[in-house]
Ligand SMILES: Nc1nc2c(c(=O)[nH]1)N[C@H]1C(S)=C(S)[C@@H](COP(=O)(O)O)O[C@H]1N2
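A single chain comes next, written as structure tokens; it is the form predicted alone.
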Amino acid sequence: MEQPTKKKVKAPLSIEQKIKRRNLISFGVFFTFGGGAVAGWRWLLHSPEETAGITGGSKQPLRRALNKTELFFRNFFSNNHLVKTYDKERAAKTVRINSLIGIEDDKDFDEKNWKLEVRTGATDSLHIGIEEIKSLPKTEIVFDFKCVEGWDQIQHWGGVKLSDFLSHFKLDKLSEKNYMGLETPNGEYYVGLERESVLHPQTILAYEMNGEQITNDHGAPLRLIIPVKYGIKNLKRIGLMSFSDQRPKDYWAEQGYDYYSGL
């Protein structure tokens, strides 16, 4: 009668062998995922650019991803989502000036000649002076202003809630449209904003900074403060306001930045 063959019992790995095996597995995983990341980057780098229009300067796959991200966040956006606010004492005394696009040629700007044009139709507009706006109930906000360049600063602004402004001037119907467009008086800087952010309770038309009138470099006499967006959407010296169901033009989106630019 044959005797069953005994299975050979493998000797347990030494600590050194275990370390070598783990290192081999780790390097294998690293190079596999690293190679995939490099291949993905090359694919994106050589993808065709989007057709320039309201947005421009980005690769087609990246723009599609940004657009889907915007839709996702718009669907879940809530006016109950408020940015964190701070005590006035924490606000910066010297507020950073990051860009003068659209107002750099207006060093001698005189607000007495300024009117906010609100386009209400193809040929109709309202023209509203700063004193009319200042007569509305004032609101103040101290929040962490964030820039896409990576810096942030706690700032103190005062003005009228954009939603109150729209109600007061009987613009409720227009504000139901999907988008609002804002431009500087010379039309050189412009932003597009979706309805949800326009009507957010912390979005204001600001005419004060640290309790004083806004300076020219900060967008006097009236600028947008929209805490749920990065600084590129906080347009200085508003000259024109319009409403549309299609995306309005947006300065930085035309340069390849995210149109939504939300926080």
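Numbers follow the displayed sequence, beginning with 1. This one's a predicted model, so the numbers in the text were calculated from it and none came from an experiment.
One more form of this protein exists, namely the form predicted in complex with the named molecule; it is left out here, but the text below deals with it.
The named molecule isn't shown here, but in the model of the complex, which of 147-155, 114-122, 162-170, 81-89 has heavy atoms within 4.5 Å of it?
Careful reading of the contacts points to 147-155.
Is the named molecule in the model of the complex close enough to Tyr189, Gly231 and Leu235 that every residue in that trio has a heavy atom within 4.5 angstroms of it?
Answer is yes for this spot.
Should Arg195 be classed as touching the named molecule in the model of the complex when contacts are defined as heavy atoms within 4.5 Å?
Arg195: no, not in contact with the named molecule in the model of the complex.
With the cut-off set at 4.5 Å between non-hydrogen atoms, does His200 touch the named molecule in the model of the complex?
No, His200 sits far enough from the named molecule in the model of the complex that none of its heavy atoms falls within 4.5 Å.
Touches the named molecule in the model of the complex: Met180 (any heavy atom, 4.5 Å)
Flag for Met180 set to no.
Partner contact for Asp217 in the model of the complex: the named molecule, 4.5 angstroms, heavy atom
Close contact exists here: in the model of the complex, Asp217 approaches the named molecule to within 4.5 Å, heavy atoms only.
Of the residues Asn98, Ser135, Thr139, Ser175, which one places a heavy atom within 4.5 Å of the named molecule in the model of the complex?
The residue from Asn98, Ser135, Thr139, Ser175 that makes the contact is Asn98.
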